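To begin, one chain is listed below as structure tokens, in the form predicted alone.
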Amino acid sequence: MKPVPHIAALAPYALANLAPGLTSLAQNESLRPPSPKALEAARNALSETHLYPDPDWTDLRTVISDVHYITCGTILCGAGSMELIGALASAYLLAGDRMLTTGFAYLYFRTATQLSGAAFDLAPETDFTVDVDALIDAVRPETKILFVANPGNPTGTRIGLAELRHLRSALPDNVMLVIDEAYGEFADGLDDSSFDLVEQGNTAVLRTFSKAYGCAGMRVGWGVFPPKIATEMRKILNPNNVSGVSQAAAVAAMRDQDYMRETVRRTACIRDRFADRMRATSLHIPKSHTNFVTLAFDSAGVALAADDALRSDGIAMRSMSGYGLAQCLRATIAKESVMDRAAQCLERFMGGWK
């Protein structure tokens, strides 16, 4: 038995290197559990697990629509936003097609593309930030999808809505723009929502409950899609992709906006204090609009030594070598006591390294 060639050529998806006993700052998980209301809703829904979940996510789409002022019929839900990314690639990419993204963008964009047998191109970023002009210049006749993570992962940086609008207007109409806003709640309020770009018919916007809502283990993502794209997506998505327990929890989490905003506020406060403390050691830290920061060391060797020091102290950050950023570690923001431990370890390391 042999797999198809383009699958056989793929490397396994790179997971975090987490040894037993380490405190993980490697997965970009929330520093708090989900809203107590979400946990209660999940417990109540357990009594109905003998039933298949609602394949139309009716209650979930309704509450997302109410909170974000989006037409309910434009919303699709998935087992995390990863499922939606994969479905887009499956529906719109063939061998010979190309996907375009930025040099340091979320690696699953590439994986989903390769699973479809298509190829990808990477446009350079400027100071760890999406460069719209570089993306526009990198479009080829074979380009079918352009994925942009905004805010970015693993960089944490973002571009404003005006730049996104400029990007969309400069792209050919037959290139789909997919804006992945997995960390969008951490940037909400900085400018207007990007959801109205979907009305043009060639743009989709993705979000998730995994980050700001603390529901990573529930596997719930959602997105806003033009009707024609949504029709094709439904052919691919598993009709029972989001469990009933997860749907119930996500509905309650979305309704508890105060809890989510407090999670974002606490995260940002701890993040910014940690980043400032690390900058004082001479590390370069791009400004983050997420629940993590990227630590840029002088070289890959220094980053590897710092990673070893952290692991010796019981802390695991995420190496960024898979992104072409071997000189960087990514630190998920956890409780203040944990970040203080990490900061003390890195301060000792940087002091000794100098």
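Note that residue numbering follows the sequence shown and begins at 1. As the structure is a prediction and not an experimental result, all values here were calculated from the model.
Below, we turn to the form predicted together with a small molecule, even though it does not appear here.
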**Message:** Quick one: M82, A149 and R219 and the small molecule in the predicted complex, is every residue within 4.5 Å by at least one heavy atom?
**Reply:** yes
**Prompt:** Which residue among L135, V242, V251, A182 has a heavy atom within 4.5 angstroms of the small molecule in the predicted complex?
**Reply:** A182
**Prompt:** From the list N153, T267, S116, Q247, which entry has a heavy atom within 4.5 Å of the small molecule in the predicted complex?
**Reply:** N153
**Message:** I'd like to know whether T208 contacts the small molecule in the predicted complex, with contact meaning heavy atoms within 4.5 angstroms.
**Reply:** yes
**Request:** Although the small molecule is absent from this view, report whether F186 comes within 4.5 Å of it in the predicted complex, heavy atoms only.
**Result:** no
**Message:** So in the predicted complex, is the small molecule close enough to F128 to count as touching (4.5 Å, heavy atoms)?
**Reply:** no
**Message:** Taking any heavy atom pair closer than or equal to 4.5 Å as contact, tell me whether Y106 reaches the small molecule in the predicted complex.
**Reply:** yes
**the small molecule in the predicted complex: contacting segment from 82 to 90, 223 to 231, 196 to 204, 157 to 165, heavy atom within 4.5 Å** = 82 to 90
